[in-house]
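Just the one chain here, laid out as structure tokens, in the form predicted on its own.
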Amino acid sequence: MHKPALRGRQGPWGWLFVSPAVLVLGLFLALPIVMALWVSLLDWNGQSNPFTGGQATFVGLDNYRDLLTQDGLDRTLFATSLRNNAYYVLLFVPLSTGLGLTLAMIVNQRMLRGRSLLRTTFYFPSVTSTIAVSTIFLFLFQGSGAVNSLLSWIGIKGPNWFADPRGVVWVTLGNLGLVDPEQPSGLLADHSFMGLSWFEWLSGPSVAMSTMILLATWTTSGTFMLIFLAALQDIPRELEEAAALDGVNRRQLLRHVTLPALRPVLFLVLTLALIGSWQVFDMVYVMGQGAPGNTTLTPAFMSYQSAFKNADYGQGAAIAFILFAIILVLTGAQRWLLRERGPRQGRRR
């Protein structure tokens, strides 16, 4: 009889205990987001208080129009960064997720010797500084670096990796004699979107960006391996034994037993990979800062460049919020695609 009154008294005490965390989140997370949203509506160079007028001019949605709809250099550069990052996402997310799952299944084998050593070896790149690894990759992939030296042993002349702006799609098709990368056809060259021709949109990641994708996959798959490994060890052995008694092979076991059991963890890994790949910054800053030919430019780096190098904090904040919207939409779409699907109910008569 006294439960409702007891619950009523618990409410204020609950808010009292969580109030420190709510205050910290509001002060250091929610408030800066609101302030950045206001800055994205201003023409502000960072030399005055953006909330008291002065040198900060309210321009409304002009910063967003310049990036999305207004013809000019800003839109072209932003479209280039979106194209580069889109190819980064399309390659990095499946490669890092698939490699992480593969490594986890390897080290999860009970009869495998040296499992602890293998786990440490596979995870080691993930705890290494990205700046240090990026610097090492710069030396390895130089025109006369170790990678090209190894390729020369098998008769392959490697490119100057971080100075090659060519898209790998057209390079591959050109080597096969299917297209001429130097003279694109009229349909691809004459039609454009956001200031870039369809030839540029469909060129694929540059050779330099492909090297960054390789680096990111190598340094991230170890973390995903640990996440998948923890989930694999939680799968009851009875399921695998029952499947073995039914005569299923390894491929069927993976498809019908392992992957369904890993669905929540798979969603987590894909979400982490998706968010991280749209926020890539450190590698770009160390390995080229957009060079060669803006083929490694990303929205995160462009936001930094606009704000802290060009003193256009309004445009930098606008890029950040457009990037936030892209991540939000893609994460929602990913959640919908990986949702649990129950059995369809038949029609009631």
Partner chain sequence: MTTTTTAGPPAPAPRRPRRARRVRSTEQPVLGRSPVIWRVLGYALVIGLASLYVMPFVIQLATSFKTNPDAAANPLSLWPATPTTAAYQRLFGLSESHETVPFLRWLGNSAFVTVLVTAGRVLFDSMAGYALARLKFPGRRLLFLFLLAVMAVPGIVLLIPKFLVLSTFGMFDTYAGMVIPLLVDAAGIFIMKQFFESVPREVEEAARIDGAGVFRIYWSVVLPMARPALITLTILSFQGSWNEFTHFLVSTQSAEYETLTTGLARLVSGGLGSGGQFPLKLAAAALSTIPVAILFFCFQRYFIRGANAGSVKE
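Basically, rigid core = biggest C-alpha set you can superpose within 1.5 Å across the two forms. Residue numbers count along the first chain shown, from 1. Bear in mind the structure is a predicted one, so any value in this text is a computation, not a measurement.
What comes next is about the form predicted in complex with its partner chain, which is not displayed.
message: To verify the annotation, which of these, L118, V169, L188, V257, has a non-hydrogen atom within 4.5 Å of its partner chain in the predicted complex?
response: Contact with its partner chain in the predicted complex is made by L118 alone.
- prompt: Since exactly one of L202, A86, V179, A244 fits, which has a heavy atom within 4.5 Å of its partner chain in the predicted complex?
  reply: Exactly one residue meets the criterion: A244.
- prompt: Is F308 close enough to touch its partner chain in the predicted complex, meaning at least one heavy atom pair within 4.5 Å?
  reply: Looking in the predicted complex, residue contacts with its partner chain include F308, since a heavy atom lies within 4.5 Å.
query: Can any non-hydrogen atom of G60 be found within 4.5 angstroms of its partner chain in the predicted complex?
result: It does not: once its partner chain is placed as it appears in the predicted complex, G60 has no heavy atom within 4.5 Å of it.
query: Can any non-hydrogen atom of F122 be found within 4.5 angstroms of its partner chain in the predicted complex?
result: Yes, F122 sits close enough to its partner chain in the predicted complex that at least one of its heavy atoms falls within 4.5 Å.
message: Can you tell me whether W336 touches its partner chain? I mean in the predicted complex, with a 4.5 angstroms heavy atom cut-off.
response: Looking in the predicted complex, residue contacts with its partner chain do not include W336, since no heavy atom lies within 4.5 Å.
query: Pick from 170 to 178, 194 to 202, 76 to 84, 145 to 153: which stretch has non-hydrogen atoms within 4.5 Å of its partner chain in the predicted complex?
result: Result of the contact check: 145 to 153.
- request: Any residue of 285 to 313 with a heavy atom within 4.5 Å of its partner chain in the predicted complex counts; write them all down in order.
  value: Those in contact are Y285, V286, Q289, A300, S303, Y304, A307, F308, Y313.
query: Fitting the rigid core first, would the Cα of A333 be found 2 Å or more away between the shown form and the other one?
result: No.
query: Honestly, after the rigid core fit, is G26 moving at least 2 Å at Cα between the shown form and the other one?
result: It does, since the G26 C-alpha is displaced 2 Å or more between the shown form and the other one after the core fit.
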